[in-house]
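Single chain ahead, by itself, as structure tokens, in the form predicted alone.
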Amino acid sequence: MDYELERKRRTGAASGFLASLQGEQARARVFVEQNERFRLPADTSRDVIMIGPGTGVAPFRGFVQHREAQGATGRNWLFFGARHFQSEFLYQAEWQDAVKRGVLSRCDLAFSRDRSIPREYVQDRLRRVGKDLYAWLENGAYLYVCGDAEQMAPDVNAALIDIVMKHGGTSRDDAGDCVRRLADDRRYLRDVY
């Protein structure tokens, strides 16, 4: 394997940094930043919608595993996005197995750089299934977003406002207020970085 080529190919914040470390004695300082607000609902009958492009999907593995162990009766819906299906569909086998077992009620995917399928981001997929998403939210679902704070999180927020406006029959201002209320009620939780 050409390690130098592999190092250059990696562009993620953490993987790029780790790949740049040289030698056996290389060290990296790490710390854990907790987010006490990014927790599953205490009521296990509540539906959960998880939006995690790229490595933002990682906490949702734990969410799905935890809800299965709890015997949660609420449905679980995952939105996952990445650039390439073949090389970046993180935890693919686990998600497929969770769908097969009924632990994941839905799993919507979006890939932005594959030439064989139309370019799509998670916010595009959200809009495409907006009617169902709105129904879940109206039924009390909790919504979680994890990942990129600069582009993805604002784009997802804008998509949510569009969805509420279209399927709730409200003005843009009222839809924005509705999305803010979801956050105030701790039903729209974000762990973005």
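It should be emphasised that the depicted structure is a prediction, and the values quoted were computed from it without experimental measurement. Position 1 is the first residue in the sequence shown; the rest follow in order.
Note that the form predicted together with a small molecule isn't included here; everything after this is about it.
**Student:** Has each of Asp47, Asn76 and Trp95 got a heavy atom lying within 4.5 angstroms of the small molecule in the model of the complex?
**Tutor:** Not a single listed residue reaches the small molecule in the model of the complex, so no.
**Student:** With the small molecule left out of view, which of Ala159, Met152, Ala141, Val64 would have a heavy atom within 4.5 Å of it in the model of the complex?
**Tutor:** Looking at Ala159, Met152, Ala141, Val64 one by one, just Met152 meets the 4.5 Å heavy-atom criterion.
**Student:** Please identify the residue among Pro41, Pro59, Gly54, Gly130 with any heavy atom within 4.5 Å of the small molecule in the model of the complex.
**Tutor:** When the small molecule is considered in the model of the complex, the option within 4.5 Å is Gly54.
**Student:** In the model of the complex, is there a heavy atom of the small molecule that lies within 4.5 Å of any heavy atom of Phe89, even though the partner is absent here?
**Tutor:** Judged by the heavy-atom cut-off of 4.5 Å, Phe89 is well away from the small molecule in the model of the complex.
**Student:** Using a 4.5 Å heavy atom cut-off, state whether Arg83 contacts the small molecule in the model of the complex.
**Tutor:** So Arg83 counts as contacting the small molecule.
**Student:** Is the gap between Arg113 and the small molecule in the model of the complex 4.5 Å or less for some heavy atom pair?
**Tutor:** Close contact exists here: in the model of the complex, Arg113 approaches the small molecule to within 4.5 Å, heavy atoms only.
**Student:** So which stretch, 24-32, 64-72, 122-130, 163-171, is the one near the small molecule in the model of the complex (non-hydrogen atoms, 4.5 Å)?
**Tutor:** Only one stretch qualifies here: 122-130.
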